[in-house]
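As structure tokens, the next two blocks hold two forms of the same chain, structure 1 and structure 2.
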Structure 1
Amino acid sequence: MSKKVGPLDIYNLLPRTNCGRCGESTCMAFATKLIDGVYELEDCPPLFEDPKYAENLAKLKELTRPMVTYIDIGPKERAVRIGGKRVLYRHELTYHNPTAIAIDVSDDLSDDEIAKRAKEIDEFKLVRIGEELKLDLIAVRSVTGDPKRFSEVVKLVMENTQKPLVLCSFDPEVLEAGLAVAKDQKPLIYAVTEKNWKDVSDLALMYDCPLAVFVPNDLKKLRSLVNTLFEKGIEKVALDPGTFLGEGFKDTINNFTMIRKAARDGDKLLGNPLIGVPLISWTKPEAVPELTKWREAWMACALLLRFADMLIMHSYDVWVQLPLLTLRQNIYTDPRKPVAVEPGLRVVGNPDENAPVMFTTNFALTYFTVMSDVEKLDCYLLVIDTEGLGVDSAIAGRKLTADKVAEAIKESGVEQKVKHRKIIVPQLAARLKGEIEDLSGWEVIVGPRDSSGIPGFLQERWKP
């Protein structure tokens, strides 16, 4: 979206009826949030329903076009959206639409293996800081080259997963066999190339599905092909400039960076979602599979950081996916969100007058980590205002002192809630023990080094 566009520019083109269907009470509020990326135009249904707005809608589409378009993969109710980026640098706003992760299922496997793999990908789930981390897509690959087998396998995968699909082949016949079975699922077609572009672009039009464009390491040719597809009336495309191994990875990183920067500068042909393929690690396997996975894992992380909107991978071992999904969770947070949580006393569970009392800092990450470790217990957790620093740096920076702890104990009113006078402190704050005891009159018990040890520690050591 151009920087010059203000809420009024948007507002003047909206219905201005304050109908409230978007969830906001006024069209002006909608306009403001549209600019912030909270809403898309689709969130204003009248624009699309009433033909009298058609002209304004066209203008709005142009005005609000993000520097990277988005595409939706899958049927409307469970579509995975990729792209839609509005900034080059994360600190400028927020990265929208977290990088989608597709895991491959190939058609040379047995039916049992396919069903099992699809199910496992479907059910894959890790929980971190209260958020479920999942895989997003299944990429069905034609290894046999047989259209009949491909359609069977697409069908079999669909029976075992709710995840939207990517259909991978360079053979139009194979792709069509898959599309015939999966057309209602609106899969991403992977891929159109310089060789197959006439037939595959016809398929994309015929089945109205988004299309991946694969032109390895030649941005002039990539732009030319996208240009041609646009001319044919295909709007929803994603770009794969090629993921290379070893020294070739230099061109991959370079191409991803050039494409995104060109998009920022207004290049519409390159302003489309980017696809990285860490699965490429398996095209030249290392001596043991763990090393191939290791390489796939770090390449995936590098691509995620370098603007990839979607990744196609093979491995979904937890140790491979955990760092990647954690990185995605981290990088796709709003950089303007405060690092700190509200200080004060938290009542966890149903503590009685003998319940343990402990403290932590108001650094959001420290706080949420500790909270997730104690949430099943009955206790009091005193959150000290360290100006958003973790225990270690807060002590080094004099933001966590015995004075502050003593004051927080007093102000929190916890002295009226428990009969004992014992507080458990993080081991990293052990140096404050003596001073806290002098200033507050409470006995200090030095707790475990990591908050994951709290439940065990209480069981063993807590005597009010």
Structure 2
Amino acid sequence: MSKKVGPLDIYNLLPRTNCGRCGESTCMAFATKLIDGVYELEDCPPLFEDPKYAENLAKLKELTRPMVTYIDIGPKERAVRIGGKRVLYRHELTYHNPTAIAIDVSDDLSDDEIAKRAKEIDEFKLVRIGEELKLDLIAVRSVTGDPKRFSEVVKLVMENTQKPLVLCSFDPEVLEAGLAVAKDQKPLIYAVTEKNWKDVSDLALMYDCPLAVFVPNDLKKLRSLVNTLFEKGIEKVALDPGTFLGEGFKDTINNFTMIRKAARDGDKLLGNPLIGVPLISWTKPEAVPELTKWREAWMACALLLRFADMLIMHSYDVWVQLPLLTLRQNIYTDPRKPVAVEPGLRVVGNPDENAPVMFTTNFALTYFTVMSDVEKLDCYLLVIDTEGLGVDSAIAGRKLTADKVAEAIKESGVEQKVKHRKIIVPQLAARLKGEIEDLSGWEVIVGPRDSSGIPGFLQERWKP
């Protein structure tokens, strides 16, 4: 979408009936959120139901066309969407559709190993600042080259996971065997090449599945092959320009950057989701496996930063995935507002009338860090609305003041829950001590600088 398109440009082409079927009360509200990527045109049913809007619909499709098209992988009810970026850089507008992470399962493993691996990928979960971080896809990879074995493995994986699939082979016969089993799963076919494009593209049309295009380190040929596929009627394609090891990795980064900048400049052939394959690390494993995993992890992070919409990996060790998932979580948030939680009083454990009372801000990272450090205690935690800022920044920006603390104490009802009048404040808020005491009538105790020190601090200092 052009950055010059504004809400009024969209609004003037909408039905303007304020019917509310999109979930918004007005068409203007829908237009604003459509630009931000919160809604798609399909969320406005009248545009598609009434023929009189056909001309406007065509104009809207062109106006709202994202810089990068999107692809849905998997059946509708649990599809993973990749691509759909509307801007090059995150500070311009919120990124949507987080980079999908696929973990491979190869057909040279035993049935027990395949089932175990698929289940572990399916159940993988980390929790950070209140959000569950998960893996997204399973890439079933043909190593044996045997169509029969490949179809058996695809079926076995489907029995042990709900994750959408990527079917990986350059052999059309192998891919067809897998598609015959997974035809209702709408897997991503990986991949079409200069040699197999005719047969594999026929499979994509036959099974109505998205298609990955693999042309290593030659953007001119990649673009030409995409054009051939478009002419054949296949538009849902993803691009893999190759992931290379060693000195070749700089070519990988350059290719990813050039493709995405071409998309920004309006090149529709290169305006498709990008696939990176850090799995390539395992083609030349280090003597120490941990070094290979480390290499795969940093390659994945680098590709994520260079616009990758999907990554195919091998290792799902927590220490490999944690930095990648954390980086992804940080990038795919709204840069215009901090991540915040609801303010208010939290009851931790089973506090009584002598339990300690503490406060923190509603910046999500601060809040969940503090909660993890006090979760085994019996206390009251007052979460103050600082518009999502941490303690130090909130005080500097006048979002955390003595007035706010005193007001929060009064409104929370904590005075009716404890018989003492003592509140423990973060050490970074020590400068507010006197003012809080004057305004609230509570005694202020300055706590430790880091919330990890709270349990020890209470053991030594808390005397109701």
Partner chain sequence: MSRKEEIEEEVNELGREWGKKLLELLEKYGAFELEGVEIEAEELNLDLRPSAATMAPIPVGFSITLSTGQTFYYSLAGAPAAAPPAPTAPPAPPKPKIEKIIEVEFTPPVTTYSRQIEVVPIGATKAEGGTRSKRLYVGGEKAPAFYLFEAEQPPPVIAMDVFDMPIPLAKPVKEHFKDVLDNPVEWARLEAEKFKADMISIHLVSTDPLTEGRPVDKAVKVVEELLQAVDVPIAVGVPGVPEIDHQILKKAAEIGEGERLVLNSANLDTDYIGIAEAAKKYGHVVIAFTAMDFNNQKRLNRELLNAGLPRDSLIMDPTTGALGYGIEYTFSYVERFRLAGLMGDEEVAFPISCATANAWGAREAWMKAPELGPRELRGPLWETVTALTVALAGADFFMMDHPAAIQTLRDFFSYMKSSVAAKAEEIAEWVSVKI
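Take the two forms, find the largest set of C-alpha atoms that superpose within 1.5 Å, and that set is the rigid core. If you're wondering where the values come from, they're calculated on a predicted model, not measured in any experiment. Residue indices: 1-based, along structure 1.
- Here, the chain labelled structure 1 is taken from the form predicted together with the partner chain.
- Put the two forms on the same core and the Cα of I189 is off by less than 2 Å between structure 1 and structure 2.
- Once both forms are fitted on their rigid core, the CA atom of L324 lies less than 2 Å apart between structure 1 and structure 2.
- Residue displacement note: T99 has its CA displaced by under 2 Å between structure 1 and structure 2 (rigid core superposed).
- Structural comparison between structure 1 and structure 2 after rigid-core fitting shows the C-alpha of G390 displaced 4.6 Å.
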